[in-house]
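Given as structure tokens, the chain that follows is alone and in the form predicted alone.
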Amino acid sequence: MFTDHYELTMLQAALHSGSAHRRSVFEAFARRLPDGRRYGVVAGTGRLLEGIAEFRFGTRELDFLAARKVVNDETLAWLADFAFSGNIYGYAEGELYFPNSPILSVESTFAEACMLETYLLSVLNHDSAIASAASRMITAAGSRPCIEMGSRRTQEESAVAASRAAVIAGFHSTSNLECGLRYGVLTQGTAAHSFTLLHDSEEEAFRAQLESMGAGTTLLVDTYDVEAAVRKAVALAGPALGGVRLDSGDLLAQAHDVRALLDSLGNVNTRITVTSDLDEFAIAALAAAPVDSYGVGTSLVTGAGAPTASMVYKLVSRAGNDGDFVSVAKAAKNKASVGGKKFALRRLNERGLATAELVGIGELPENDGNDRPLIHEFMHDGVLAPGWTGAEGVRRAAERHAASMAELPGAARRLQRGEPVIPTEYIQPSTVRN
């Protein structure tokens, strides 16, 4: 039921006209990147494939649709037997995308592809927005690790998806235990201000945490007075104290002060983690500060100003009455699409750096020798290909993202607003076909 009402009424009308079973090709793509962004990151593909494999209409759902008279009996009968049986191709999760990149292609009957539209877009738009924001934060952080900790700033299932997307884009770990359970990612966390306030003194709270978790734990030192808290922490744990966390105030100034204080007390190996509404710009501003890691929450799970990837899902080719495929395209002003099944290459120069996104219509663009094909098969006749889902899918996506980022020219890492770092070029077919 993760779909819109009009998908089902459209299905009913297509069943009535006899066109529901026409073979069709739908594509998901973004007409443009969020304003000023240089690239986007594909995320959510593994989650989407997991969901499609289980996408069914059970008795409860069918009873609801019947009681509300959403669709007629013929359509209810079709839905009762629904299981996706088509093919799905697209960019590997973790891959970079640009305007009009053919991120995902669904080949099936119109009826089956129609059922997936809302679910497909909700997953890809959310997760790709989070991963794209996370990638910028990782770029700003350089070699310093980032921890995802935004679960309390979004809906519970979105929190799991956001954690997963952040890890794909390079985040070291997450505070979200459900993400750790489902996808095998590293989880971390220690204590909040309420733990300190629970105790009669800050020293008592620190002692309890250290005795419970060991000296390697990280103590939150800004509940009251930062300098006093750091001194108490060192007095209790000694040089073995793992870390301190700063969550308020002027983080740049405090980081310098705390580092100097820790060093003067002999705690040269005690790490400093900073949190408090960080985004990529705040992280970049802390580059010169003696900070060891960043905890990022609200800005990450809301896409850092771009909460959706604005992807669309369009019919680009379908079988005619004679069974041959014909290209179809929307021509509406400012929302035009390009018909025909797409194939894509990432054009690389002699140094292995990306120079263009080549999108072939109806056939794969010619490879000049070192270009990288971008389209992979995820599902064939309704059967999932191995390696794209679960914990393995997340690991593989994180590796893909790191490798794709290494191909980009240096301009991609600038936080300043700009055009997409490489252009998208359509390559017309050498022979007319769809």
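So that there is no doubt, residue numbering starts at 1 and follows the sequence shown. Keep in mind that what you see is a predicted model, and the values were worked out from it rather than measured.
Omitted from view is the form predicted in complex with another copy of the chain, to which the following refers.
Enquirer: With the partner left out here, if you bring back another copy of the chain in the model of the complex, are Asp4, Ser19 and Glu178 all within 4.5 Å of it by some heavy atom?
Expert: Every residue of the candidate spot has a heavy atom within 4.5 Å of another copy of the chain in the model of the complex.
Enquirer: Using a 4.5 Å heavy atom cut-off, which stretch among 284-292, 96-104, 131-139, 118-126 contacts another copy of the chain in the model of the complex?
Expert: Comparing against another copy of the chain in the model of the complex, the contact stretch is 118-126.
Enquirer: Do Phe110 and another copy of the chain share at least one heavy atom pair within 4.5 Å in the model of the complex?
Expert: Yes, Phe110 sits close enough to another copy of the chain in the model of the complex that at least one of its heavy atoms falls within 4.5 Å.
Enquirer: Can any non-hydrogen atom of Leu65 be found within 4.5 angstroms of another copy of the chain in the model of the complex?
Expert: Judged by the heavy-atom cut-off of 4.5 Å, Leu65 is in contact with another copy of the chain in the model of the complex.
Enquirer: Should Phe26 be classed as touching another copy of the chain in the model of the complex when contacts are defined as heavy atoms within 4.5 Å?
Expert: Heavy-atom contact with another copy of the chain at 4.5 Å: present for Phe26.
Enquirer: Against another copy of the chain in the model of the complex, would Asp200 count as a contact residue? Criterion: heavy atoms within 4.5 Å.
Expert: Asp200: yes, in contact with another copy of the chain in the model of the complex.
Enquirer: Considering another copy of the chain in the model of the complex, which of Gly242, Pro307, Gly362, Gly86 comes within 4.5 Å of it through any heavy atom?
Expert: After the contact test, the surviving option is Pro307.
Enquirer: Only one of Leu262, Ile272, Ala161, Cys146 comes within 4.5 Å of another copy of the chain in the model of the complex by heavy atoms, so just point that one out.
Expert: Of the listed residues, the single hit is Ala161.
Enquirer: Using a 4.5 Å cut-off on heavy atoms, what residues in 120-156 are near another copy of the chain in the model of the complex?
Expert: In sequence order, Leu121, Ser122, Val123, Asn125, His126, Ser151, Arg152, Arg153, Thr154, Gln155, Glu156 come within 4.5 Å of the partner.
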